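A single chain comes next, written as structure tokens; it is the form predicted on its own.
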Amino acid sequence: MITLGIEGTAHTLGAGVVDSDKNILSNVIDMFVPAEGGLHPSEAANHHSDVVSSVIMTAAEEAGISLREVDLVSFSMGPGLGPCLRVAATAARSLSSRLGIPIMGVNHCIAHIEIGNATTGCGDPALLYASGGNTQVIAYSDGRYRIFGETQDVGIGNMLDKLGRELGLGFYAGPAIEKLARDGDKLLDLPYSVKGMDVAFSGIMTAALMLKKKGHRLEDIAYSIQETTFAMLTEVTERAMAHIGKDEVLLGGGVAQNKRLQEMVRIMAEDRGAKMFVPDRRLCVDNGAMIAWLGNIMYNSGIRMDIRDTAVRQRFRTDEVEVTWR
């Protein structure tokens, strides 16, 4: 079965094509970059509307198929920014109606898990999901993907982006902060905000900006931000693994590309006798292939949706989905 997936939860409009044998036939991404400031939902949605047709056609061309050969269209139903979600949903509904094929709305967070399961060889991991809008520790238990820890305020990626703007590093600042951190050599004092199984980041950003005002080097601020926040994430991930008895940990989300985060989680996993898995870089970020793959396995498990069932859900919780395909 050939599935076309459309991703549109936030800054990225993506389209990907997969088959039922876990082959990713194409994975096309077009990311919105604001001229100044942060991400505005309506501006991102306008970008998505402008590029959605060309991204879908490019995905089909790179997959070597025509749209008439697509058997199922899948889209990111949520969680995410409402205007952006609606662009992806509208495109999926249009294709479903025009081509006369089934449609599947999927949970964006679970898509990160399942594309990792499909491409890395892990079997039953705890997922550290670290992205712009989401920071959660997720694992399968008793018929659903459960959230065992999460941010109490903003996602780790959003915090890094906001901090980067204030430090003059531009938007989508995670890579710039990672690069600066390599030249940092002084661990500055920052709040370590772990609250049970949850974390919080807003106070850390405020403290980091105060360090800038005091004249500390940007390299040391970046180094300290990474060391502190990534230690927090590693701690709650390890606690979740111990609590639910998992011996695999999977990284997902855009921040999962960070080499220092990968190193810290790998060391933790090895100390526990566990294994760490990280998908290919283009599968860590938001992408259409992961949406396509989750739609594929949901459909093959017997799940069906009507157009009337495809309203977007901005606060679509991971643990609301009954997992019928495991």
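Quick caveat, the model's predicted, so the values are computed rather than measured. Numbering starts at 1 and follows the sequence shown.
Another form exists, predicted together with ligand ATP; not displayed. Remarks below refer to it.
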Stretch from 89 to 97, 146 to 154, 208 to 216, 168 to 176 whose residues place a heavy atom within 4.5 Å of ligand ATP in the predicted complex: 168 to 176
Contact label in the predicted complex: residue 18 to ligand ATP, heavy atom within 4.5 Å: no
Exercise: residue 285 in contact with ligand ATP in the predicted complex, heavy atom 4.5 Å: yes
4.5 Å heavy atom contact, residue 74 to ligand ATP in the predicted complex: no
Contact flag, residue 255 vs ligand ATP in the predicted complex, heavy atom cut 4.5 Å: yes
One residue of 249, 115, 137, 160 in contact with ligand ATP, assessed in the predicted complex (non-hydrogen atom, 4.5 angstroms): 160
Contacts with ligand ATP in the predicted complex, stretch 6 to 20 (heavy atom within 4.5 Å): 9, 10, 11
